[in-house]
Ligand code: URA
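A single chain, nothing else alongside it, follows as C-alpha cells in the form predicted alone.
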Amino acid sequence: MRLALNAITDELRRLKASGVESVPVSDEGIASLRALVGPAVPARPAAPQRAAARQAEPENGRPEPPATPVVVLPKGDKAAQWAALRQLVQDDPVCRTKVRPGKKIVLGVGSLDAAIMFVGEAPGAEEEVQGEPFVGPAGQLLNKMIGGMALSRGDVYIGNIMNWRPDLPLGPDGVQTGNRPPTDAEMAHCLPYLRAQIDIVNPRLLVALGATAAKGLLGGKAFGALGEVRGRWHDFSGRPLMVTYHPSYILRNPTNRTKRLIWEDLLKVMERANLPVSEKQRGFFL
C-alpha cells in the first residue's frame, strides 16, 4: 500500500510542478483511495519538546543542504572555465552525498557560445545514469522542439536547476521510482552553479521549461499555476527569460493544442533571437 500511495503522491507533485492545475478523479477512484488509506486515526498529542524538534526538521524528513556555495570562475577561455566549474560541482560535498552509488552528477551540455539556453528542473532516471540533462523521453521531445526551430541540440545550451536527482525512497528492488520537485533549499544550493553556466555561455536569452525552473529563475516572484507566467518575457539578471511548459507536459497531453501552446512560446524565442521564421513554422500544430 505504501508503494502505491508514494507513486500517486509523486505523480501529483510532478503534475503540479509542470503546471497542471487539476486532475479528474472518478467516484470509483476516490473509493479505491479511501479503501487503501482506511479510516482516519486521530493524531496523538506530542510532547512539547518533540513537537519543537519536528518543527525544526524539513517537512519531508530529509536534511536540507548546508550554506549556498560561492562560485568564483577562474580566468581563461570558456572551455577552461566550464571544465573548472564541472570539477567544482563534482567535488561539492553536498552533490557527492546526494548522488546515489553508481549514478552521476549532471551539468549542462551544448554550445558554450549558444544564443539560447534552455533550463529544466532536475535529472531523472536516464539523466543520472548518463550524467547529461534531457536524454530521456522528455529530452528526445526537446530535441524535436529545437529541431522545429531549425536548430540542433549542439546549437543551444541545455542545463538544469539541479545537479542531482532529488531522492525518493527506494523500492524493494533498490531502485527509485518516479521523480519529485526539488525543495527550495536544494534549488538554492545548486543555483550558483546554474548562474555560473549562464555567465560562461552568456546566452542572449533563456527559456525556463516548467514550473520548477521558472520558480528557480524568477526568484521571489510568486505565482500559482504556470499559466500565470508562461508565454511572457521576464528578466533574469538582465537577460530576457521566456517561461513555457516542460516537454513532459506534451508527453502526458499529446494533443496539437498542447504542442501549439509551447510552440507559440518558442516562436517568440525565435523572433527575439532574430532567427528566421518561415510560414511553415508559424503554422505548426494549427
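Note that residue numbering follows the sequence shown and begins at 1. Given the structure is predicted, the values throughout are model-derived calculations rather than measurements.
A second form of this protein, the form predicted in complex with the named molecule, is not displayed here; the remarks below concern that form.
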Exactly one listed stretch (199-207, 168-176, 119-127, 79-87) reaches within 4.5 angstroms of the named molecule in the predicted bound form by non-hydrogen atoms, and it is 119-127
Among the candidate residues F134, W164, Y193, Y157, which is the single one with a non-hydrogen atom no more than 4.5 Å from the named molecule in the predicted bound form?
F134
Would you classify A211 as touching the named molecule in the predicted bound form, given a 4.5 Å non-hydrogen atom cut-off?
no
In sequence order, which positions of 229-253 have a non-hydrogen atom within 4.5 Å of the named molecule in the predicted bound form?
H246
